[in-house]
Structures are given as structure tokens and as C-alpha cells.
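Next up: the same protein chain in two forms, each one alone, written as C-alpha cells (structure 1, then structure 2).
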Structure 1
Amino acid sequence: MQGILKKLIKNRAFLLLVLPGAAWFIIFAYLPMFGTIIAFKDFRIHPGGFFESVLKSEWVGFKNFEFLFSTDDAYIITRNTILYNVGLIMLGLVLAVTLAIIMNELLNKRLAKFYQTAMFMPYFLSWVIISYFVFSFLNVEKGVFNQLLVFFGEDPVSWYSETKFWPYFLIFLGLWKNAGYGSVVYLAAIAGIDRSYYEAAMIDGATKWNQIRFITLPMLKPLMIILTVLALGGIFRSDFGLFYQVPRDSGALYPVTNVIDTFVYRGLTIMGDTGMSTATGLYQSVVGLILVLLANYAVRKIEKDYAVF
């Protein structure tokens, strides 16, 4: 016990730095875990408040999960969530690394800063604002796309009723919004690479492409693997604003826009089924944890130094 106290006193400065983040996780991540018991109950509101409602609600075991997986919605939301996230993770990785390398290779650094800022700006825009931008293009009567179609003699398209276009719209918008942020992370990693590697390569006659292929990309590989493993943990979590605000909650688009997060939200606000919504969220979290553990295990087997833990 004394040894632990000595270590705490010795590292008190570092512990104080960690304290705000630890407090945030305890309050907003660990304490709410008590609510997961609702997934196994037929939750009903009681006059005594939340805790009394949880304790006095009838225990139903796995019936909420059975109801979830007995519907077609379970397959649709799981399929959409996984496919969209796989596409966004893989394409986002390629796009972020490509943009970072391009920014690093620009000779005019002032111009590079301008491009970097321009790419980073969408990250700070709310999906609500972006949804109005998208609506200005896709509006049936006055949208830019339909006006162009009419100008070229084509019939206007009811974009918010046609499911075939939206997978491309959503992936494009997800990449457009987040690629700038991802590129900054990789650009910082590129800036930390020892320049003597490139100097030695130039002396040996290596082209720019060879320098990127044999120096930059191998140096970025550990960071790429770590960020991808961490991203896999959120493969069952979708960007709620992208899938709810941008399609404007159009019922006709549910087959291609309904994901686990939007399903939980509608389950709470429309159906009022707290038990099934909690069961869905728990299913989402457990599978995400399993995916992180499996991905990290696979990386550890291939290259131990690249594993997250």
C-alpha cells in the first residue's frame, strides 16, 4: 500500500493532467453503464424517479433482444452500419494519407497552409448546416441538380425518394467532412520523419514516388494500423447527423439510410420502446468491443509492435 502511495505522490503532476479526462469518462461513460440493465427489463416509468423505475420494472431477460432480431430492421440496420463504416474507414484512410502526402510535397508552403485550412473547414460544420447545403442541390423544384437536368432536356429526379443515389451521397459527404481532419494527423506524422532518410534517397537517385513508397508510407504504417484498429471499434457506431439530418429523415430512404444510431433514436422518440432501444445500444457496444479485441489480436499476431495493447 505504501508503495502505491509513493508512486501516486511521485507522479502527482501527471495524474493531475489526466484527472479532467478521467473525470469525464467516469461521469459520462462509466456511471451511465448502470442503465444497461434496462435492456433486460420491460421499462416503465414510476413516480419515484429513474432509479425506482429501473428497479421496479419487470425483468424480461433477453426478450428485448429477441424482438429486435425477429424484425427485418435488425438485418437492415446492421448491414447499413457495417457497410457504410467499412467504406468510410477504408476510403477515408486512403484519402487522408493521399492528401497529407500531397500537402507535404507542395513547394509553396503558404499555399499548402491555405489548402490545409480549406480541407479542414468542413470538419467544423454541423450536419444540420450541411443538410441545408445538400437540400439546395437536391430540392425537387429549385435544386441545382434538377435545374441542370431540365436544362439538358431530362426529367427532374425526386432525390429524397430514390434510394439508389444515397449510398454514394452519404459516403462522399462523410469523406468530404472528415478527410481534412484525418490528413492533419498524418501530415504531423510525416513532419516527424527524419529528413536524412530522404536526403540519402535523393543521393541514391530515388524519385519522389520512390521516396513516398519506400520511406513515407512505411513510416506511416504503424499510425495507419493503430488508427484503423481504433476505428474498427466504432464500426457499429455511425455519425448520427450524416444519416439522420442529411436525408432529412425521409421514410422512403430508410432501406439505405437507417443505421443502428438512427434506429435507437426513432425507437425512443416514436415508439417509446426504451427497453429495445437500450438492447440495441448494448448490442452495438458489445460487438464494437469484440471487433477491437479481434483486430488488435490479429495485428499482434502479424506485428506485435503495431498492436494498440
Structure 2
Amino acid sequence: MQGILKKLIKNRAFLLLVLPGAAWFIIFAYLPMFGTIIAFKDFRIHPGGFFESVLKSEWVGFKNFEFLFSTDDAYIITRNTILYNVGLIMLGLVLAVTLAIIMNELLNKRLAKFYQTAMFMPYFLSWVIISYFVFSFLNVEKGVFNQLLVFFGEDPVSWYSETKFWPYFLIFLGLWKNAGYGSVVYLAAIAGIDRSYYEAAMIDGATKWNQIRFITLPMLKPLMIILTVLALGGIFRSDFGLFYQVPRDSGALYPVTNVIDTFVYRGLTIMGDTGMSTATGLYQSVVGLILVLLANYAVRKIEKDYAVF
């Protein structure tokens, strides 16, 4: 006991430094984790405050989960979340690596720098702003798409209520917004590859394509795996703004735009169903944790050095 106290006193300067941040984590991250037990309760607000409300609310076991999984919603939001994320992760990886390799090969470096700056632009804008961009194309009466359709003699389309286009729109926008961000990391990694590999390969008569295939891609592999494992851990989470703000919360589009995050948000704000929303959030967090641990375990089995932790 005295030993512990002595250690704490010895480290008091460091402890004082971490104190504000640690307090934040406890209040804004760990207290909500404790709060997830209301997923198993019928949450009622008690006058005694948060702890009393959480502890005194009646246990209902898995009723909130049963309620969630008894509807079609659970299937739809899980399917949408996973399919969109798999699409975004895979295509995003291909796009980022391709862009990085191409940009690295461009002869005019100043032009390449300009492209990079331009491609970074969407990353710095909020989904609210981008939803206005999208609106200028998709608005029924004034939008660019319908103007073009009418010009070519087609009937205008009511874009914000036609579900069949939205999977493509959402995937495109997700890729488009993050392409600049994604390619930067790989561009930096390519710049860090020892040039003598390429020179040796060239002397041996390797074509550019073979150099990319046998030097660049293998050298990028660890980074690709690490970033993909991390992304897979978030496969149950979605970029809320993309799925809520860009489709303008259009009810007709829910079948293809509703993901776990938007479902939880609407459950809380519109239906006020605290128990079921918490249960959905817990389902999201637990499956997400299992997935990242599994992905990391699998990578560790195959190639130990590539594991994230």
C-alpha cells in the first residue's frame, strides 16, 4: 500500500499532467460505457440524477434487443451498414493506392501538387456543405441532372425519392470526399521507398508496370493491411452526415440510406425510445469490437509484424 502511494507521489507531476485528459475520458467515454446497462433496462428518469436513474430503472433482460430484432429494421440497417462500408473500404483502398502511384509518376511535379490540393478540398468540407453541392445537381426542378435529362428528351427524375440511384451516389460521394486524404498516406509511403530498388530493377530490364507490381505494391502492403484492419473495426459505424444529411433525411430513401447510426439517432430524437436505441448502439459497439479483434487476430496469425496490436 505504502509502495503504491510512494509511486504515485514520485509520479505526481505526470499524474497532474494526465489528470484533465483522464477526467475527460472517464466522463465522456467510460461513464457512457457504464450507461449502456440501460440497454437491459426500462429506462425511467428518477429525480436522484443519472446514477439513480440508471440503477433504479427496472431490469427487462433482453427485451430491448428482442424488440429490435423482431422488426425488419435490424436486418436492413445491418445490411446497409456492412455493404456500404465494405464497398467504401475496398474501393477506397484501390482508389487511394492507384491515385498515389499515378501522382507519384506524373512528370510535372507542380501539376501533381495542384491536383493533390484540389483533391483534398472535399475532405475539409462538412457533409452539410456537400449536401448543398449534391442538391444543386439533384434538385427536381432546377438541378443539373434533370436539366440534362430534359435536354436529351428524357423525363425528369425525382432523385430524392428514387431509391435505386442512391447506393451509387453514396458510394461515389464517400470515395470522392476521402480520396485526397486516403492517397496522401500512400504517397508519403511511396516517397519513403528506397530508390535503389527501382534502379536495380530498371537495370535488370523491369518495365514500369513490373516495378509497380513487384516493388511498390509489396512495399505498401503492410500499410494497406494496417489501415484496412483499422477500417474493418469500424465496419459497423458509418459516416453519419453522408447517410443523414446528403439524402436530406428523405423518408422515401430510408430503405437504402438507413444505417445503424441514423437508426439510433432517429430512435432517440424522433421516437424517444431510449432503451431500444441504447440496445442498438451496444449491438453496434460489441460487434465492432469483436470484428476488430478477429481481424487483428487473423492478421497476426498470417504475418505477425502486420498486426495493429
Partner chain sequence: MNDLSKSMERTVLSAPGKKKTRDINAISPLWNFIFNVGVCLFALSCIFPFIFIIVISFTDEKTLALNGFSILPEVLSLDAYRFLMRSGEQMVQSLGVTLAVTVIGTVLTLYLVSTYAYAISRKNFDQRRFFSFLAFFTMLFSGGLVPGYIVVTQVLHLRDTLWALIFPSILNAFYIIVMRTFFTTTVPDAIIESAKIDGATEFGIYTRIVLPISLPGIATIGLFSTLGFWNDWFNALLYIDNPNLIPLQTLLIRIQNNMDFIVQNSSQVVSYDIAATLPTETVRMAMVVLATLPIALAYPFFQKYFIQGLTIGSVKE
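The term rigid core refers to the maximal set of C-alpha atoms that superpose within 1.5 Å between the two forms. Everything numeric here is computed off the predicted structure, so don't read it as measured data. For residue numbers, the reference is structure 1: its sequence is counted from 1.
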*Where is the form predicted alone shown, in structure 1 or in structure 2?*
1
*Superpose the two forms on their rigid core, then report whether the C-alpha of residue 48 is displaced by 2 angstroms or more between the two structures.*
yes
*Honestly, after the rigid core fit, is residue 285 moving at least 2 Å at Cα between the two structures?*
no
*For the rigid-body motion of this chain between the two structures, what is the smaller part's rotation angle in degrees?*
22
*May I ask for the C-alpha shift of residue 21 between the two structures, in Å, based on superposition of the rigid core?*
7.3
*After superposing on the rigid core, how many Å does the CA of residue 11 move between the two structures?*
11.0
